[in-house]
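To begin, one chain is listed below as structure tokens, in the form predicted on its own.
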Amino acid sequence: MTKTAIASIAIAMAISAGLPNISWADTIKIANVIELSGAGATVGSNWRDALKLAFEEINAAGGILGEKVEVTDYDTQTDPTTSRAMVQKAIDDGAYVIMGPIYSGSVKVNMMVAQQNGVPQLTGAEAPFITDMGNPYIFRTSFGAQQSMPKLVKYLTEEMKVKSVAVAWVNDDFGKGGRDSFVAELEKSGIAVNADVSSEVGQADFAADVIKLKSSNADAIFAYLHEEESARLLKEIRKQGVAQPVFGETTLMNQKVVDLAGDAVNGVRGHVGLSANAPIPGIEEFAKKFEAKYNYKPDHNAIKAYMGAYVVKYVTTKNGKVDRQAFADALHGMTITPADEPGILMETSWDDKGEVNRESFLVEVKDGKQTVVTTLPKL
């Protein structure tokens, strides 16, 4: 009898007895390489907490193939060079799969280390180049900007009848990737860009930026910045009495922005890949569990991490073995539904580049809460 079979019998006996004392066959090491300090600490903390919740559930239900999942956090400090060192350390420590990071600039420099060592990596980053680099071991947990921006521009064109836009974006890999994808879609739809205003990560004063956006006389403002900077921009927009409607993509309507910007975020609309307020039973249940455990509302990064953990469980179980290459091979072209694995929350597919595809949402912030306007189909 194999050690896995022995562990399965022990788990079944423990469960039937209502006891938590499970005898594990072995340990599966998961590396959580994530932003736990620096500018990305907010998004990284959401991701870490949800990942911990998911793997606690998985272990309580018997682990994966009778093996206990052990998660180790590696803090990137929101620094690309540090993130690269953390990925290498995680691999040296025997990581089966790497979860994270979220910031595209970090993934840009650390994903090659994982690729060279044949380690699958599930990232929360959104810059388009990440899945265009031919890395067979990289997989997204969220849309790349090149997939989300067409949905938003379609809404601006068909529903809002917008003819011109002023664009505000943060000048890093995340912001430039999103800005370029958005502007490319505007050009396809014949929408003019009246102002193109970049800012820096951590920028505190947006007075001059808002003057440029306001004086552009564009029909709408599009903002694509990180959470803290988004909140500062919105406060300045309200301070200067800007009349144009403000749109964004995921981060602008993030719960952290709601918490920081207060009333300034009300009325903002945009596309979100995932939302804790989405009318999806699995997401609603997850959000309740998360808030009960951590006493704060999860954002889209938390949902990404939670789903990512269950991707690891589903693919490994389906393969019947803890094998990095088999994991990467299997996930390309795979679709997982909640019927297959409830922890996936929503039907999700991956293409041959590791790009993700699923339904998404158009939301408006009302009274400090994301309100889903409509659910958009898979591309």
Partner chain sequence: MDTFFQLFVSGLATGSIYALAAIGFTLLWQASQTINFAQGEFIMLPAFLVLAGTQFLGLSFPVAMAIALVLSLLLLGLGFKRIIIDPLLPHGVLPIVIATIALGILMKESVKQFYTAEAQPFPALFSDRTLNVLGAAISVQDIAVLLIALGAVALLQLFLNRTKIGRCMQATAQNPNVAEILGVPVRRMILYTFLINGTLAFLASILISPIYLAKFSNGETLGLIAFIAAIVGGFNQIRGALAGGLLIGVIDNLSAAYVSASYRSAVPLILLIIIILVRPQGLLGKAEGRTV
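Please read these numbers as outputs of a predicted model, since none were measured by experiment. Residue numbers count along the first chain shown, from 1.
There is another form of the same protein, the form predicted together with the partner chain; it is not shown, and what comes next is about it.
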### Task
Using a 4.5 Å heavy atom cut-off, state whether residue 39 contacts the partner chain in the model of the complex.
yes
### Task
May I ask you to state whether residue 45 is within 4.5 Å of the partner chain in the model of the complex, using heavy atom distances?
yes
### Query
So, in the model of the complex, is residue 205 in contact with the partner chain at a 4.5 angstroms heavy atom limit?
yes
#### Entry: Any non-hydrogen atom of residue 151 within 4.5 angstroms of the partner chain in the model of the complex
no
### Task
Check each of 256, 84, 108, 297 and return the one that places a heavy atom within 4.5 angstroms of the partner chain in the model of the complex.
256
### Query
Just one of 200, 187, 285, 291 has a heavy atom within 4.5 angstroms of the partner chain in the model of the complex, so which one?
200
### Query
Counting only non-hydrogen atoms, which stretch in 239 to 247, 130 to 138, 269 to 277, 89 to 97 is within 4.5 Å of the partner chain in the model of the complex?
239 to 247
### Message
Would all three of 304, 326 and 330 be in contact with the partner chain in the model of the complex, where contact means some heavy atom lies within 4.5 Å?
### Response
no
